[in-house]
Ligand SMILES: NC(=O)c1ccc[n+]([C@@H]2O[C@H](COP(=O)([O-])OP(=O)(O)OC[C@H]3O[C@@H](n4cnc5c(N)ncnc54)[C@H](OP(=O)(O)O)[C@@H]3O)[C@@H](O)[C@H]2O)c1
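Okay, here we've got a single chain as C-alpha cells, the form predicted on its own, with questions on binding and movement later.
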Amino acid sequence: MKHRDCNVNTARQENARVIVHERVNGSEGLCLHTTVNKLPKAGEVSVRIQAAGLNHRDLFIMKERSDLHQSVVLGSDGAGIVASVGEGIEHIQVGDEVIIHPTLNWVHTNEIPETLTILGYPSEGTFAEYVVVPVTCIEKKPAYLTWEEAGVLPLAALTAYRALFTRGQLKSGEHVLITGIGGGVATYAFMMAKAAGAKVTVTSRSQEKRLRALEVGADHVLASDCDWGESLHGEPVNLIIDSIGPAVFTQFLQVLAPGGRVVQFGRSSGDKVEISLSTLFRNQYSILATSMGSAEEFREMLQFVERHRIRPVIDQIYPLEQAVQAFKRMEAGVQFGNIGLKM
C-alpha cells in the first residue's frame, strides 16, 4: 500500500499509523498514513488497538459515501489496551485490556435512538493504532480470547445476539435457519444458536462453505437456490435470520412454521421484497428488523460468549498495511468467518 499525504485532523501526542479512506469510492481509496493520536477528553478513553475486524459496513461506506474530500478512519471493531484516561473516570485504568462496543449512542435496550451512531463513520474508527471512545463503549476483554479473536468480535457478534435473542426470542429446541453462512454475523448466529440448544440449518451458494458448516456442527445445509421446503422434507422452521433479502425471501414462507419469525438485518441482494399479506396474517408470521445493539446487549453478549466459551471463527488476519488486500478478500466473498487487521 502506498503512503500518501492524507488529511487527518488529530491532537498532538505521539506518532501513530492509521488507515484512512479518501478521494475515490471503493477499497482503492484506502491509504496508510502516520499521524498523531488524540488525547481523551473528560469521559473518554484512549485505547491502543491490538486487533480490529472488517465488516460489510466498511464496504458499504467506501462504496456509497459522497464526501470523498474528507479523510475517514474506518473500522467499528477493535480490542486493545487502555493508553490514557480522561477526567472523571475511575473504574478504567491505564493498562486494562478492553473490547470496544461500536454503537456510540445506545445504552439501554428499550431506548432505541432515532439515528444510530456507529464507530468508524463519521467518527474516527479502529483501523488505527489508537482510538478515542466514550467510556460507555469500553468493556473488559474476555480473558480466554486472543487479541485477534476479541478484535473481530464486537459488531457482528452483537448484531447476531440481538437478532437471535432480543428480536427473534429464540428458545432451546427451536429450529432456526440462518442464510449466508460464512459471513461474520451469520457465523456468530450459528454458534450462538447451537449454544442455546437450537437446531440449526444454514444456507450458502458455496458448496465449500456448506461443507465447512457441516464440519463445525450445522444440522442441515441448503444451497441458496434449491427448493428449501423440499430439501427440509417439510420440517418447519421457527426462526429465520437473514441478511440477503429479495434473492431468498420467497423461500421463507415455504418453510416457516405457523407463528414463525423472520429477523432481517441486511439487504445484500436489494431493498424491495413482495409478500402475500393473506399468507402473512393467516399464518401469523412476524417480520422483524434489527441493527446493531445497545450497551446492555453488548454486555449480555459478552457474558453469553464467555459462559459458552464461544470463539470467533477467524478466516484470515492481515497486518495493518495490507488493509486493501484484506478488503479485496471480503469483496470476493470467499471468507468463512472473520477477517481482521493486526496492529
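The first residue of the shown sequence is 1; numbering continues from there. Remember, predicted model here, so these are calculated numbers, not experimental data.
Keep in mind that the form predicted together with the ligand is not shown, yet the notes after this line are about it.
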Open item on the list: Given that the ligand is not shown alongside this chain, does M292 nevertheless sit within 4.5 Å of it in the model of the complex, heavy atom to heavy atom?
Closed with: yes
- [ ] Indicate whether the ligand has at least one heavy atom within 4.5 Å of a heavy atom of T201 in the model of the complex.
- [x] no
Open item on the list: If we define contact as a non-hydrogen atom of the residue within 4.5 angstroms of the partner, is R65 a contact of the ligand in the model of the complex?
Closed with: no
- [ ] Mark G266 yes when one of its heavy atoms lies within 4.5 Å of a heavy atom of the ligand in the model of the complex, and no otherwise.
- [x] yes
Open item on the list: Residues H56, G180 and S224 are flagged as a possible site; in the model of the complex, is every one of them within 4.5 Å of the ligand by some non-hydrogen atom?
Closed with: yes
Task: Selected contact from M191, A83, I244, V132, since only one has a non-hydrogen atom within 4.5 angstroms of the ligand in the model of the complex - done: I244
Task: Partner-contacting position among K209, R261, R167, H175 - heavy atom within 4.5 Å of the ligand in the model of the complex - done: K209
Task: Contact stretch among 122-130, 67-75, 151-159, 233-241 - heavy atom within 4.5 Å of the ligand in the model of the complex - done: 151-159
Open item on the list: Pick out the residues of 319-336 whose heavy atoms come within 4.5 Å of the ligand in the model of the complex.
Closed with: M330, G333, Q335
